[in-house]
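Take a look at this one chain, the form predicted alone, written out in structure tokens.
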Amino acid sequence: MVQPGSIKGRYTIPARQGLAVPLAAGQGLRVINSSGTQVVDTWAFPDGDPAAFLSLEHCREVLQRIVFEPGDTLIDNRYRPLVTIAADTSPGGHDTLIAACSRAMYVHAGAGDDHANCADNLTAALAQHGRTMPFTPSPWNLFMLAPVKDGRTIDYVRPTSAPGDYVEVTAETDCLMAFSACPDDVYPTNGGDGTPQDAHVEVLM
């Protein structure tokens, strides 16, 4: 089913919660780090194929990099273009390796089984648009820094974005984009102070 694009305007991703926004082909969207410290887990799902999703594994294969930059076109698990990165005002380096936080992750970390998490946020956001996924695809972790050291180990570091930094994408096909203002207070990926913040998306046209 081809869905209409979102009305131009600004939408809030509440702290610890999720949001999904439909885009029409050619429509632009900015993901805004309003506080400068907030990681935003990001997904995209093309219309008309319930088994298709933005696949970071396929993007890394085709782009031959583990971080993506303006001008890169990101693809789904069937190698079809989904979105192109139009601009990035942040220092970049958005993580593509780390899984979305989940109930199981917080149990493993000793934080209990009722912790808000990105996996559940994705499920809830998709449900608002009548969509489901049987699993949680790996997210594009905007503003999250988890650099690989010496080609072997991963380091978790605080975000270096400034308040108002954004990543802008253009839809290559009709799709549903989904976001989670990551609730993680275990790793130092949301500024390290344990206080997730609101983020925003802005539909441009």
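The numbering used is simple: start at 1 and walk along the sequence shown. Bear in mind the structure is a predicted one, so any value in this text is a computation, not a measurement.
Below, we turn to the form predicted together with a further copy of the same chain, even though it does not appear here.
- Taking the partner from elsewhere, Gln27 is found to have every heavy atom lying beyond 4.5 Å of a further copy of the same chain in the model of the complex.
- At the 4.5 Å threshold, heavy atoms of Pro134 reach a further copy of the same chain in the model of the complex.
- In the model of the complex, a further copy of the same chain sits beyond 4.5 Å of every heavy atom of Arg158.
- Contact check for Thr170: no non-hydrogen atom falls within 4.5 Å of a further copy of the same chain in the model of the complex.
- The stretch among 161-169, 60-68, 29-37, 175-183 whose residues place heavy atoms within 4.5 Å of a further copy of the same chain in the model of the complex is 60-68.
- For the options Thr89, Gln128, Thr73, Ser102, the residue carrying a heavy atom within 4.5 angstroms of a further copy of the same chain in the model of the complex is Ser102.
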